[in-house]
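So this first bit is one chain, no partners, the form predicted alone, shown in structure tokens.
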């Protein structure tokens, strides 16, 4: 497993032990899944006793965590860990050009439509008062566009900076040398493990024409089952294996350290992560729907993920009453910016 750590130029962590991307292409087997974006079922949050290697920073590096949320420096490591609370925001990308054309997209890299751009901006407005310290996206442009456009609406006005770890030269060339600039930046980590599931031989085909050719029942099985893949493609089960493993290995340690994380990804990769967070069964997850451009908020506290739904607007009182920490952040933003 690759251990994603963050770039020195942002004063966080440097990636190490990262495998070559070409060697990380997922191997497909003959299983598939079914999916659609849908209604969330309420489940009691439970503790996760996952074995995750914590990511540590060197003493010479500067944290990019927002100072208005930083814990007291007098807090011990053990007690601080117990008190840590973090926000997790999940956003499915806005409408893409192939969504508009009713084509199977999968891992084909196509951008947003004008409507998709508007959806991303609206998503940003909905989370404009929720802290974001780190952003994770897939390697696909529609997810990255959504993340960047959403952050243009955030009241904190921090700038998302894409972390390039592919070569030593890329790391050196993208360094930031201003400490003040680092504090006003948010690292953006892109990974193919958060990509949409690969639709194999269906990618680029019109969905209605494909149903006419193979039959509605067959296409429905490819699209909506959990463990049956389309020809030479991935099932939801296979997509979940890579997406959830990445979430547990790379993202959970950041939440455990108190960082607030936004993930901009895709219907199936996010559905997989929600299946893990809410402990959904393979039957429950196939009816789960996620609308494009609608953020979902979770609170990570004492090892539990607590789902708080979707912020309906930037001033919705209920969202900021969920935790004292979020309410305090909102209050400090008001004092600082008004």
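Positions refer to the first chain, counted from 1. These numbers were taken from a predicted model, which means no experiment stands behind them.
Heads up, the form predicted together with a small molecule isn't pictured, but that's what we're talking about next.
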Self-check item: Option from 128 to 136, 102 to 110, 246 to 254, 186 to 194 whose residues, in the model of the complex, bring a heavy atom within 4.5 Å of the small molecule
Solution: 102 to 110
Quiz item: So in the model of the complex, does residue 164 come within 4.5 Å of the small molecule, heavy atom to heavy atom?
Solution: no
Practice problem: Would you check, heavy atoms only and a 4.5 Å threshold, whether residue 224 touches the small molecule in the model of the complex? | Solution: yes
Quiz item: Is the gap between residue 259 and the small molecule in the model of the complex 4.5 Å or less for some heavy atom pair?
Solution: no
Quiz prompt | residue 115 within 4.5 Å of the small molecule in the model of the complex, heavy atoms | solution = no
